[in-house]
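Just the one chain here, the form predicted alone, laid out as structure tokens.
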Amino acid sequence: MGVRNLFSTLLDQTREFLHMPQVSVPSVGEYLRKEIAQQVKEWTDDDETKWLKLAILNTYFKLECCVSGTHSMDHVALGPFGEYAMLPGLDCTFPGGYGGLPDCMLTSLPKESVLFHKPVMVVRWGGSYREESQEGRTFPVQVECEDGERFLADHVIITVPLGFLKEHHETFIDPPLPPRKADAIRQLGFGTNNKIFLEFEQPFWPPDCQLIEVVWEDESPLVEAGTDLQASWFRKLIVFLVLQPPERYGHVLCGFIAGKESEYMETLSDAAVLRALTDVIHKLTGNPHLAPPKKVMRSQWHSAPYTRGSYSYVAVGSSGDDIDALAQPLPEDALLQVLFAGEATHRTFYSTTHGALLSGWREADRLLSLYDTSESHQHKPRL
């Protein structure tokens, strides 16, 4: 069996533990390593070939860290891993970037209905807030922005990333969240996966190349990796996509890097990132005279104050029930005041754009059904 097929087969096996009452090990990473260690005993290759196969397997471990948005697959829970669902069909790229999606939505909304540069400081719920201009009308929710402006509403849908909630939920929502929801925020995983774009004057790859995978021959999933981020952060970057077509993008590679190494990369200057990756490419090609990239551009999801990472995963010690708990509106036994959407609230499509979009539709439908069936609310809801 080829190395790629071996890893793919083992990864498929990790999804078979869903709904089992007990699992042999807590994490996906531990399961994969245990199975690989058994496989190695049956290999009949020479030592050099064995080490190369293990190095390739280590690259696939790093690739899965990017997919899951985690530092290590040891952090990803084995039991619930099979609950994640792949959406059928091909990937969709928005012309002009992700901004095209909200821009499309905005065309159906009244002008001035969306406010920008209004970061929210606190969402207060369960209250009775009176609006000065509407005597006799009270609202249960008050949203206070960092600039001091306040908005009153019947309902608020919170869509901030889980990373932001992990840092600020105790002060961002008042009164504090019920213990079950606060526990879910703490227990679910939220990590960093960044992209690094490198633009070259001329390509060093052949015209039909779509993907460049990086294998470090001295690494193995069965050997603990070093922790010196300064010396080796770039080793976590394991694949470059060739952006196509070059007539549109130029000669550009897109690299992916996850985990603590990705977060460390964010602290470096563009020049330092460029130097490090130029060295990697010189090693990769065996050509120390290859011209360096002329430009570097990267995402910095962990540094961004309102994201603090990229997307969620079901961590060891958590389950899909925590995702459902996070999605539960407040208060739990009365009319809806605070609702929750975002990728981390979708039990099977967490970590994805479609999961985020579907969760927003879910909460919109929840509110629509409330007003379709309730005769007690004659006024137009303030959202």
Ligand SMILES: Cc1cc2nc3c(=O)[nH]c(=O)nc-3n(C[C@H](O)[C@H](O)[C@H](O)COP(=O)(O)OP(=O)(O)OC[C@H]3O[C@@H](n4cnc5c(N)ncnc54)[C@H](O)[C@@H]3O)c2cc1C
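Since this is a predicted model, take the numbers as computed values, not measurements. One rule holds for the numbers: they count along the sequence shown, beginning at 1.
One more form of this protein should be noted, the form predicted in complex with this ligand, which is absent from this view; the next part is about it.
Of the candidate stretches 303 to 311, 204 to 212, 125 to 133, 225 to 233, only 303 to 311 has residues whose heavy atoms lie within 4.5 Å of this ligand in the model of the complex. At the 4.5 Å threshold, heavy atoms of S351 reach this ligand in the model of the complex. Although the partner is absent from this view, F172 contacts this ligand in the model of the complex, with a non-hydrogen atom inside 4.5 angstroms. Residue contact with this ligand in the model of the complex: D322 places no heavy atom within 4.5 Å of it. None of the heavy atoms of R137 is located within 4.5 Å of this ligand in the model of the complex. For the residues T159, T267, T285, T278, the 4.5 Å heavy atom test against this ligand in the model of the complex is passed only by T159. Screening K260, K295, R186, K118 for any heavy atom within 4.5 Å of this ligand in the model of the complex leaves a single hit, K118. Not one of S8, L18 and G79 is positioned with any heavy atom within 4.5 Å of this ligand in the model of the complex. Contacts of stretch 97 to 111 with this ligand in the model of the complex, defined by any heavy atom lying within 4.5 Å, are made by Y98 alone.
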